[in-house]
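What follows is a single chain, given as structure tokens, in the form predicted on its own.
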């Protein structure tokens, strides 16, 4: 279990996390979304104990976390993570010696599927392959909690597809909590089970991903009819053009009616409405 209670992290005058609280109690794949500078990486590093909170409490499986007490249950991989510049076969062997729970068979199978050249040294790999090698070590670690910060950065479309398949397979092999931060929203939508949206250091939304499918939609039509139909609903954003209005809703479903129609919102459009949904008139 991961618990953050009233956590604030300040870098001088910059507040990266602002009185942030969340409880992550169940295994599964958690998607963390936020704009650049929203506080995603700070949040992930705070959970992993790589940085210390300015105030508040961080707990993993009931134990307090800080830079002097980094949680053994957590494996954190950030964008551009460096590894020892040795051959990958030796790197995987070293990981297995350090961590008795390391699943070498799974690691080798994943390396084969990604065409990783195990004879190459780490620095001889492309940026994408370096990221993949680090991610494979994390997925094979046997740790209860995996934190992956932009893991598919530098991957081509084929690599990303295989990565998400392997992510699901690794969770099927071992029940665990995986937090994935990414900007490629349409792809993570297919595998994520829980959604966290952070903006300006604060938690904007924390829900089951299925709730977005059920409750996120747009009402489109004549402004007069749309406003009447959505009265009392949670309107998270809107755009207008002439006499027509599109309102983005996160609330109970309504039926289409005279003068307006309904359309589902995908996760990317929903995210944009949540963090950047200022009401704007289209010219």
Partner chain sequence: MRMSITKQNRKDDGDEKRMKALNNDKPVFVQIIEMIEDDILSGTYGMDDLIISTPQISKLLSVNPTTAQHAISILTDRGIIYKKRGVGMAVSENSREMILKERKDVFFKRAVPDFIDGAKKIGITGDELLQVVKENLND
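Bear in mind the structure is a predicted one, so any value in this text is a computation, not a measurement. Residue numbers count along the first chain shown, from 1.
The same protein also has a form predicted together with the partner chain, omitted here; what follows describes it.
Undergrad: Taking the partner chain as it sits in the model of the complex, is residue 192 near enough to touch it, meaning that at least one heavy atom pair lies within 4.5 angstroms?
TA: Judged by the heavy-atom cut-off of 4.5 Å, residue 192 is in contact with the partner chain in the model of the complex.
Undergrad: Is residue 93 a contact residue for the partner chain in the model of the complex, using a 4.5 Å heavy atom cut-off?
TA: Contact with the partner chain, no.
Undergrad: Should residue 66 be counted as a contact of the partner chain in the model of the complex, where contact means heavy atoms within 4.5 Å?
TA: Residue 66: no, not in contact with the partner chain in the model of the complex.
Undergrad: So in the model of the complex, is the partner chain close enough to residue 18 to count as touching (4.5 Å, heavy atoms)?
TA: No, residue 18 is distant from the partner.
Undergrad: In the model of the complex, which of the listed residues (124, 99, 210, 202) lies with a heavy atom within 4.5 Å of the partner chain?
TA: For this set of options, the contacting one is 210.
Undergrad: Answer with one of 263, 23, 14, 268: the residue that has a non-hydrogen atom within 4.5 Å of the partner chain in the model of the complex.
TA: Contact with the partner chain in the model of the complex is made by 263 alone.
Undergrad: So which of 247-255, 33-41, 48-56, 233-241 is the stretch with heavy atoms within 4.5 Å of the partner chain in the model of the complex?
TA: The contacting stretch is 247-255.
Undergrad: Among 161, 168 and 214, does every residue place a heavy atom within 4.5 Å of the partner chain in the model of the complex?
TA: Every residue of the candidate spot has a heavy atom within 4.5 Å of the partner chain in the model of the complex.
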